[in-house]
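One protein chain, two forms: both are listed below as structure tokens, the first as structure 1 and the second as structure 2.
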Structure 1
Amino acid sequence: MFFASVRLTVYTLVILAVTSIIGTVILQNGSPQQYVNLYGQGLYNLIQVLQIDDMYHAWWYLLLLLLLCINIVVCSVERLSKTWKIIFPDKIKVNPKRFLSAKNKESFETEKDLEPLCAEYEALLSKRIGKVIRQEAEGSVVLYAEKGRWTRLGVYVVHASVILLLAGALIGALFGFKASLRLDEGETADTVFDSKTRMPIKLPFAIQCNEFEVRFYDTGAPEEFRSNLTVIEGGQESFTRDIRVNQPLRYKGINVFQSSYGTASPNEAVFQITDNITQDVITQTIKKGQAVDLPGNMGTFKFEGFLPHFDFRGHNLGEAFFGRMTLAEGKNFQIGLPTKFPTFDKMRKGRFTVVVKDFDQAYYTGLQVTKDPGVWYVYAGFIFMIVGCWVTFFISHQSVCIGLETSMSNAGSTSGPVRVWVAGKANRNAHGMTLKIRKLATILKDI
């Protein structure tokens, strides 16, 4: 049947491997403009039709994954229904003939008596392998033991884990979200914005950022990002926690991760205003939106706000305060005060020069807020996959058979030289079995 064939598995895996490359070379989740610039309009149309701009979620890629699932399920059901009886038989049947042709068979002769030999071998076999089944025929005894029959189920565990992983991913995609949240120090929010759709999502609690701190090594590389957050529920503070990269906050199914940071606009700063004619100076703390009188009541200066990137004649001068000068004579204009260049305003050569003397650097913290109810299925899948692989590869169904035959010359008697052979079978790792039989044979000889 088509869906049960391993040929289908191989073809699907090959197609998945090859097509997965596309997403690592072609830009993912870019804007239409980026695609047109990079690949031209013609190719962009093709990219859109095949959803290559988000190819790991494209219909055809998901279809391939679905095909894998169907393949695994159909194949497992079909094979298990046939092999269940073999894996869990009511009674184990011993067929010594199967072992006679085994490549690893070893044989030797011994002068010991059959019965005591049998007893010793049986004890050894039951200790090393498992419960011994004894079959007797005229002048000969066969001892059989096996272990690890259940390990034949390992491969089904592996395959089930693949399904579990994909199911978990699907649950996450359907019922989870990934969003980002920017909080200035001191700010509180209970609504985040989905990373893809930008739609607002209301959280079951509010998050307040009390403080953000970044620390650097001597080399200038960042050492640690830390946000101190308080969770607020129903207007009440619930608890306060630090989060760092690799140490998220997990609460009520919502995870809050430290992902970025930046400087927030300060709410107040100390300004120094100099009248260049009278040399009068005033130094005053001004709140954002507030205005103060210029020296000699010549007008007002208003602190209007803060820019992360101040553009001055095409140059980015970095962070800057900006304010509005309203002169008594009626003139009214805006000035910028980049924090990196304290004396910048002197260059304007106006009557009044404004300098920012001091301000508290405030930060905002960039948080990633996620919810993924599928993650437990994925983690369960991880564990099943590791355990299943381990069982499949490193534990096998092993059976060992020892045959003891008295020589036929003195038929009817059980004394005289006994011919012994020992052989084993394993469903995997034939070499390991060969080594095992070789070792067993040397031990048996010495008994």
Structure 2
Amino acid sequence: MFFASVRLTVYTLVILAVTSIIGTVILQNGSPQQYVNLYGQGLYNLIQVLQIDDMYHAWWYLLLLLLLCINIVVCSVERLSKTWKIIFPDKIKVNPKRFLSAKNKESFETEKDLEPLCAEYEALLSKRIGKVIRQEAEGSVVLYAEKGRWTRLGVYVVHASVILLLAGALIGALFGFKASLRLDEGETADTVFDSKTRMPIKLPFAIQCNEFEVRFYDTGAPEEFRSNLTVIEGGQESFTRDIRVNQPLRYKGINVFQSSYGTASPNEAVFQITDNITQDVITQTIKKGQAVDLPGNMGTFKFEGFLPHFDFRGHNLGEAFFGRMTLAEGKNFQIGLPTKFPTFDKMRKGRFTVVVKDFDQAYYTGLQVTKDPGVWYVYAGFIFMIVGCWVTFFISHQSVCIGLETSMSNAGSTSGPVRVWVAGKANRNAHGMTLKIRKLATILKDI
């Protein structure tokens, strides 16, 4: 059967391993320009066709995972019936000859009577191993016990763990998402945008950013940034929580991570406008979109907006306000006002100079919003993997057999010393079984 082939398992695993290496080498979820710069237009076209830019969500990669799942299930079911008969036989058959040739066989003689000795050995074997099966023949008794038949199921627990891990990956890829959201302080949104496609995804609740706080080191590098978020459902506030890097908000299967921040556009600022001829000065708080008269009613100045990065002749001057000046004679033009260079507008050498005197620094919080419904399957898979590996590699099916033999007299009665032998079998860790038989033989001699 095609799906029961071990060769199929090997080939599928090799292909997954090779493609996973490719996925770590080639940039994932980058912009088109990044791919063109790195690989050229021709190779980028091939990357797009094969979806290598988002390989772990590509249809052919998910198909390989599904194929491996089916292959493991079919192989396990096909072999489980045989293993089940070994673990749960209708009747346990004891074959002493199988133990007589064992390398760990230990033998000794004792002068004690056969029946009392059998009773003590049976009690000891029952305590140390498990239920004892007793077989009697003329002048001999065989005691047999075993434990750990169920450990043969360990490999199937490992198979189940792999299936759970693969199922979790498939479910997460098909029904999960990774998206981003930018919120200014005081802003509320219930729609996020897919990190790759930029398609909108509506959340079952809204997120409101109440406050964003950032602390800096003396060097200017950010030390910590924190967002105070409120979850709103049905128009009502459900709860409020702070999130930081590595301290996300988790609610209804959706994770909200603190990923970035930036400078938001202030809604108002204090501007100083100077008439360089008359030296008249006005200082006024102007809201975004609002226009005020220039000194002497010589025109208007309108505050139009804010730029986090102001480019001037190829140089990034950082944050800047920009506005539009309209003079009485009808001339109008836009001016930029970098916050790091308060006297920047003087370079224009116009009649009016504008300076930003004060503003409240505002920030936006950058959130990464994810949903992975397959994560619990992955967690269960890891637990199954640990349990299965422990059973498979550290616990074995062990069987111990003790034989007691006496010489028979002409009258048919037993005579002479009792010859005792003890041996064991294990499906793994033969050396450990040898040590156990030696220890057991020592105990039996002392009884």
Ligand code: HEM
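C-alpha atoms forming the largest set that superposes within 1.5 Å between two forms make up the rigid core. Predicted model only: the values in this text are computed from it and were never measured. Reference numbering: structure 1, starting with residue 1.
- Here the chain appears twice, and structure 1 is the form predicted in complex with protoporphyrin IX containing FE.
- With a cut-off of 2 Å and the rigid core superposed, Gly154 has a Cα displacement that reaches or exceeds the cut-off between structure 1 and structure 2.
- In a rigid-core overlay of the protein, Arg351 has its C-alpha displaced by under 2 Å between structure 1 and structure 2.
- Fitting the two forms on the rigid core leaves the C-alpha of Gly220 displaced by at least 2 angstroms between structure 1 and structure 2.
- Look at Gln28: with the core superposed, its C-alpha moves 3.3 Å between structure 1 and structure 2.
- Relative to the superposed core, Ile47 moves its CA by 4.7 Å between structure 1 and structure 2.
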